[in-house]
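A single chain, nothing else alongside it, follows as structure tokens in the form predicted alone.
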Amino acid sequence: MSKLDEKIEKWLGTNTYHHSEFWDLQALVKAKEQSGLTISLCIPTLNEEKTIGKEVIVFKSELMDRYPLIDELAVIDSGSTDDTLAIAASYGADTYLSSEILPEHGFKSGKGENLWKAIHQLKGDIICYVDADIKNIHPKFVSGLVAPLIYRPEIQYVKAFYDRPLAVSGGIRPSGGGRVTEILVRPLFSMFFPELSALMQPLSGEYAVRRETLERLPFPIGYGVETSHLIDVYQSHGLDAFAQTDLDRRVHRNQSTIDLGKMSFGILQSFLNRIKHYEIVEGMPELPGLFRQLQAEGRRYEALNREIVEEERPPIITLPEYRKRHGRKS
């Protein structure tokens, strides 16, 4: 066994958890209070009226009212045209429009924009992000991620992983999901950052991060945000700064192959930008932003061209408004 494989195996043994290890929420709350940490939960949304209500109810009732694990529960919205914000507010979440946070810096459409602005708006020492489309929501989606940060001060970034059955018309298929990870991201990590291949689901939308790490990361506003985060944290802190927690199962809506192609193109852009930034490959050319897809309908064939440019927000600690609000030095 190579030294690399030995390191990955060791890390898997020490930094990979199962959510059931943190079943005692009362003990977890006590440890959190003793540490002096505060925790904010951010749910980024765009037209999630079908699932947001249940998520807010579960997290508020179980992790604020019954067990005071989280200190703040916020929905950061990209401009929903349905009742997402009204529903979330009616069940007790703080609700914000991304466009109204740091308005002097404008608004860009994308999930990464919501995540970035959440760092400014929210107060916690730890920020936990949870996607809004989870149908089998459970407190473990937060407790399982923040627990390693509470119990182990050296951990900076905790990712979720799970089985991802696909919801189909006939019910639930027992396997599937994670297609972009296995077809694109894991091969790229294996080539350029092999230690990061130890992460089961690098693209999972559920993760918890310490503020002092999060505030120093640039944020792609689109699909590349998670991949970029992992590379940047790895470059600055190494593999031992990560942990991951098995949440068993996540049920959510399935995306089309066309949409997965767009996601992959954005992720690849961000990945190659990181390769260029860290000078891992010499002579990187300028990357085109035009993604070309094809669609066939009968004997009619159509080229679908879409401009996808992974813009980035700077580390939020570089903003004077942020440093003033949170009492941070540059």
Partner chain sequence: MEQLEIGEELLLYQAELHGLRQILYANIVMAGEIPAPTGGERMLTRFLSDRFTESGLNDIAFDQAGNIAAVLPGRNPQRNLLLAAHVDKVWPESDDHTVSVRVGKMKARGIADNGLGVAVLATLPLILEHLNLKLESNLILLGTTKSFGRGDIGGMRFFLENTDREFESALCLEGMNLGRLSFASLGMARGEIEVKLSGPGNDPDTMTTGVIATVQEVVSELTRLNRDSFPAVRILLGAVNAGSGYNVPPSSGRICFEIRSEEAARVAEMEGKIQSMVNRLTDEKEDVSIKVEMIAHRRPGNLGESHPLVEFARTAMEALGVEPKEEPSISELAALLTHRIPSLTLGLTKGAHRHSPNETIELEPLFDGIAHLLLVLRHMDRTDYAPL
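Quick caveat: nothing in here was measured; it's all calculated off a predicted structure. Numbering follows the first chain given and starts at 1.
A second form of this protein, the form predicted in complex with its partner chain, is not displayed here; the remarks below concern that form.
In short, of 234 to 242, 88 to 96, 181 to 189, 215 to 223 it is 88 to 96 that has heavy atoms within 4.5 Å of its partner chain in the predicted bound form. Among N305, Q295, Q34, S61, the residue placing a heavy atom within 4.5 Å of its partner chain in the predicted bound form is S61. A heavy atom within 4.5 Å of its partner chain in the predicted bound form is found for one listed residue only; from A27, I57, L287, I280, this is I57. Using a 4.5 Å cutoff between non-hydrogen atoms, G53 counts as a contact of its partner chain in the predicted bound form. The shortest heavy atom separation between F291 and its partner chain in the predicted bound form exceeds 4.5 Å. At a distance threshold of 4.5 angstroms between non-hydrogen atoms, Q121 is out of contact with its partner chain in the predicted bound form. Contact annotation for K135: at least one heavy atom lies within 4.5 Å of its partner chain in the predicted bound form.
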